[in-house]
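As structure tokens, one chain now follows by itself in the form predicted alone.
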């Protein structure tokens, strides 16, 4: 069996194969400040004041519009706070950060678990071997009542990566290159297993970067087998079972990549698979740079940006916005002196959260403006009508902030 077949077999109590339709028991149900209020409304409509199936297995996170940006958002967040009090649920308020990262940092899941939530990037949890799925509000409401959800078992693609990264080349460049090759529909309704020596050596931040862009290939979930370091971080080393595919597992396709010669990559407007070498766009004017998001908001991401920015200033006329993924990340960045580097360089640092992933946040672009972002999507109109968004690594983003034009970090 593949990894997803093993996980679904455990959760459904029967041996499954790709293509099967099953009911699976859930280990965690999550909702956020976006989508969450509608889940509560539907839950109360369908189930009145019934108790949820298990308050220990439901979590609410605020990560999109934090703190509340208008009265509507404030009211929606209060709906969730009240529901959490009524049902005795865990709630991570506006001073925490991105939901999936919070779930990992607080040890709420372990490899092999199944999690559903109101976020299309719940599959980011595959970075630690967890099956995370984004679902609609009705599915989430039903799952909170029954503790189960309905799935079609996906087939699996295997991606094997070997080689050593060059300086200032890393996980974001790799996943952009993979998206370029597979395209935005290359993993449609399928799971991906990432393996190989390059993947095995990756730290948590790099694994999150890889897993967070499975959605951009239309994949259901992307798995990376947890290392001892990962298990220790999430506090599950003793009770976590190995989550590996069987040697004879059947895959739809197997792709092999070597990163020895990989160069910094950048996704051009308006699609994550419109990817080129950064050098091909050298000199392209940029108005703003964003470093953060669920894809590149970990301490390691901020650290490499700080290494490039240290002792330098942001190009006059360009805006640099930096947003840590979580408060834990922010505190470490302060302790390690990263904030001092960022502030001296002229950056704006905001509270942890999703930030410039979509409209409604400080830093939205005006028509015809361009931004280099470390996020995962650059669809037309997503961050301002008529604006252009390029996706790149923290290293490329930091180098671009210094020069004011798209820049290969090796040139700094």
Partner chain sequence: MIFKGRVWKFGDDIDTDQIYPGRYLPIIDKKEMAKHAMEGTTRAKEFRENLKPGDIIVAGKNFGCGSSREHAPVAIKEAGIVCVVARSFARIFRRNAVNIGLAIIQFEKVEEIKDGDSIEVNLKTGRIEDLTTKKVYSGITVSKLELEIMQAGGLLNYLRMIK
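Note that the coordinates shown come from a computational prediction; the quantities given were computed from them, not determined experimentally. Residue numbers count along the first chain shown, from 1.
Only in words, not in the display: the form predicted together with its partner chain, which the text now covers.
- When its partner chain is considered in the predicted bound form, only one residue from 195, 244, 328, 218 comes within 4.5 Å through any heavy atom, namely 218.
- Proximity to its partner chain in the predicted bound form, taken as a non-hydrogen atom within 4.5 angstroms, holds for one residue of 233, 255, 145, 251, which is 145.
- The stretch among 6 to 14, 19 to 27, 384 to 392, 397 to 405 whose residues place heavy atoms within 4.5 Å of its partner chain in the predicted bound form is 19 to 27.
- Looking at residue 51, you'd find every heavy atom of it more than 4.5 angstroms from its partner chain in the predicted bound form.
- Residue contact check for residue 334: none of its heavy atoms lie within 4.5 Å of its partner chain in the predicted bound form.
- For the chain shown alone, residue 69 is not a contact residue for its partner chain in the predicted bound form, no non-hydrogen atom being within 4.5 angstroms.
- Residue 42 belongs to the set of residues with a heavy atom inside 4.5 Å of its partner chain in the predicted bound form.
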